[in-house]
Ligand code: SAM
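Below you will find one chain, with nothing else, as structure tokens; this is the form predicted on its own, and questions on how it binds or moves follow later.
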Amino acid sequence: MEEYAKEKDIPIMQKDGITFLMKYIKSHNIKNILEIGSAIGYSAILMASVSEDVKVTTIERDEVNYMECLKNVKKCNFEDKINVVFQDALEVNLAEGTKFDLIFIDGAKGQYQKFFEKYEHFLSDNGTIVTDNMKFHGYVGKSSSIESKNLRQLVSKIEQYIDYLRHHEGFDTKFYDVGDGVAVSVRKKNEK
């Protein structure tokens, strides 16, 4: 899968980033995961491989990537562990009462805040939202010096999302310098 991703220029999570995520899943006994942005299924398959109990629902809007993801899930015999949804994540309607222990955001970078706002309600009480690409290839923090308008706007949106996470009253977020930068947002306990 790594070779295919490299050959087709499909972004997949960097090795130390996915290793960090797998360790987090294992150490926090996470069972039910929602992934936004399947690509070819690389991270979904690795997350599902952490333990027999882990189930992943992953959403992908690109048809070519979706088909490749299905193929890779089948190749790993994970059809019963990974549910692949072909749709834009902002248009998916999950069943009322659906809850996930972990939500992994790795889809369209410019939509991160919208993904967070849409899906935080489907997070279990002790749940975590993990977001990849917080450094975005070293561009984050340098948006004003980027010449390409499109890239500058994208990086600016990631910077705004980082600020949003830092000030979100319902979550404690820590940023880790692994892979391309990972944010781990843990839901704060409700004090009653």
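When you see a residue number, it is the position in the sequence shown, counting from 1. Note that the structure is a prediction, hence the values are computed from the model and not measured.
What follows is about the form predicted together with the named molecule, which we do not show.
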item: 4.5 Å heavy atom contact, residue 76 to the named molecule in the model of the complex; value: no
item: Contact test in the model of the complex: residue 98 vs the named molecule, heavy atoms, 4.5 Å; value: no
item: Interface membership of residue 56, the named molecule in the model of the complex, 4.5 Å heavy atom rule; value: no
item: In the model of the complex, residue 113 touching the named molecule (heavy atom, 4.5 Å); value: no
item: Stretch in contact in the model of the complex with the named molecule, which is absent here, among 24-32, 152-160, 60-68, 123-131 (heavy atoms within 4.5 Å); value: 60-68
item: Those residues of 1-32 which, in the model of the complex, come within 4.5 Å of the named molecule by heavy atom; value: 11, 12, 13
